[in-house]
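Below you'll find only one chain, the form predicted alone, shown as structure tokens.
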Amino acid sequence: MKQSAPFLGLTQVLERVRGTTSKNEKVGILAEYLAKLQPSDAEVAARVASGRSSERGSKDEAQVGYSTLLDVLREATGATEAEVSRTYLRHGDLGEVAEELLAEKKEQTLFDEQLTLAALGDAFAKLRSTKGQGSTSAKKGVVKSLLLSASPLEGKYIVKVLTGEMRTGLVSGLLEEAIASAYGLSKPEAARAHMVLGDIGVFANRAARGDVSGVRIQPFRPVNFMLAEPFATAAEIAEHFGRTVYAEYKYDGIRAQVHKSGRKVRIYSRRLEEITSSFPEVVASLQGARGDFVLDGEAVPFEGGRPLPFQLLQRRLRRMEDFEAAAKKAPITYFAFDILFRDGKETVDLSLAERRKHLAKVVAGTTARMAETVDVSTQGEIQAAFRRSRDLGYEGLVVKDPDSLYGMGKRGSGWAKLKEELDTLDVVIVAAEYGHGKRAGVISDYTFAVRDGDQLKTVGKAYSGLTDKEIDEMTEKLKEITVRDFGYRREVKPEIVLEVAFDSIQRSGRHDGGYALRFPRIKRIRTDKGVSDIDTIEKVEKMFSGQKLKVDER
């Protein structure tokens, strides 16, 4: 068998890719490299280039945390904690830290063997399979062995993959294009195969073997979900479609793709990761359904005919309580709204109206439910459906063209969504942190507070909504008003007022205000306001009390 290619060659290619802003050059550089690899190496190389250590849809991940990687870097290089901290502040990227520190590493492996793509793939597989008691120590051993045998450049990309912070500019579409170019595939052929196979590594392997023409959707191989185009108003949606369409409640749960073959059922998240163990009720609800299928829908905490707060679902996903307790607090109902495959045949190229007929037959007789749908055509009908959805405690509305096909991985014009923000709050920044990656060296994460009498109480943290220019200006200002500097984090004088929007409020012990804003984002910097003008904890409490769905995270 042909010897596996050296990993160093891939890292050099990724450096070249990273060094150019031209998309065509990125594609060309990677395509030229991939074309020379055997299929198994092409699989590892493509997956590493995408920043993953495991196949998409796999229930096993490497799961090596920052703290573990920092420990390994200190052990392998002899660097002190202070040296690692200073290096991180300079780069804001743990991969760059690894490259710099490994150039001075104190330990060496006994045998100076070149690291190959196959060996790297085996090491990642070992990390994924290491579980249970003593797994942290075992994983440290695997990572340390890798870094000791790696050159500084190889170490950089090993860490980048394990932290999910590649930043080479190789987005999924460019990787797909490079694989198509390397192995002589047309763009439509490549797009279809990649979409159905789900994982870039499996796609590269099949393309290298000339084996993509027969690729079809099949159970237990998740595919990318279709997404809805956001609209601001009911009027815009009515004008967009200009005809009678379906309106569905926008469920506030977990988007879930359910695959069934025989009696076996698996569930995949929007990130194509297996989440079956988190939802035994969904498995039980569809295990007895007739035939084999792939469904698209939402796992929703639901009881008494109404949705429960989304945060209860998060507790289950984070393993914050056992399933028996979780099921009592947040029983799950699966609302199915589409079907992609049924009994050996794809259904994605059928109209939504036809797909719903298939879906109804599959769901019949199970405890899963079809998404509730009403026909709408005018602005008034859409607005009325939206208000009904909000009054029942749902997020909003999804409006769909009955003739639309299922566009895997696309934000198609056939689906539209209408959401509504809560009111905004005026808050003041009391602490801030440096960002990482492209935000290395700038202060981009802001902890904010509201007034509680003559005190300030924190209620959240925001890091989105500002332009790069605003972040640069904010960095300089925050440095000027720093009270205590902890290196990557600093406390600041409460002077900068922000207007923040958010989806909901929950009780929480994470902040001393006793509440946390869900998905906060900065709408604008309020230079016209001072700390005396910000909102109060009483307003936060009133907004929380006014929500139809309430959750106490404590």
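Bear in mind the structure is a predicted one, so any value in this text is a computation, not a measurement. We number the residues from 1 along the sequence you see. Superpose the two forms; the largest set of C-alphas matching within 1.5 Å is the rigid core.
The following text describes the form predicted in complex with a small molecule, which does not appear among the structures shown.
A heavy atom within 4.5 Å of the small molecule in the predicted complex is found for one listed residue only; from 341, 337, 334, 157, this is 337. Think of it this way: in the predicted complex, the small molecule has a heavy atom of just one of 88, 251, 124, 183 within 4.5 Å, and the residue is 251. In plain terms, the part of the chain that comes close to the small molecule in the predicted complex, with a heavy atom within 4.5 Å, is 521-529 out of 490-498, 521-529, 64-72, 50-58. In the predicted complex, at least one heavy atom of residue 411 sits within 4.5 Å of a heavy atom of the small molecule. The closest heavy atom approach of residue 417 to the small molecule in the predicted complex falls within 4.5 Å. In the predicted complex, the small molecule stays beyond 4.5 Å of every heavy atom belonging to residue 440. Taking the partner from the other structure, the small molecule in the predicted complex has no heavy atom within 4.5 Å of any heavy atom of residue 368. After superposition on the rigid core, the Cα of residue 36 moves by less than 2 Å between the shown form and the other one. In the core-superposed comparison between the shown form and the other one, the C-alpha atom of residue 10 has shifted by less than 2 angstroms.
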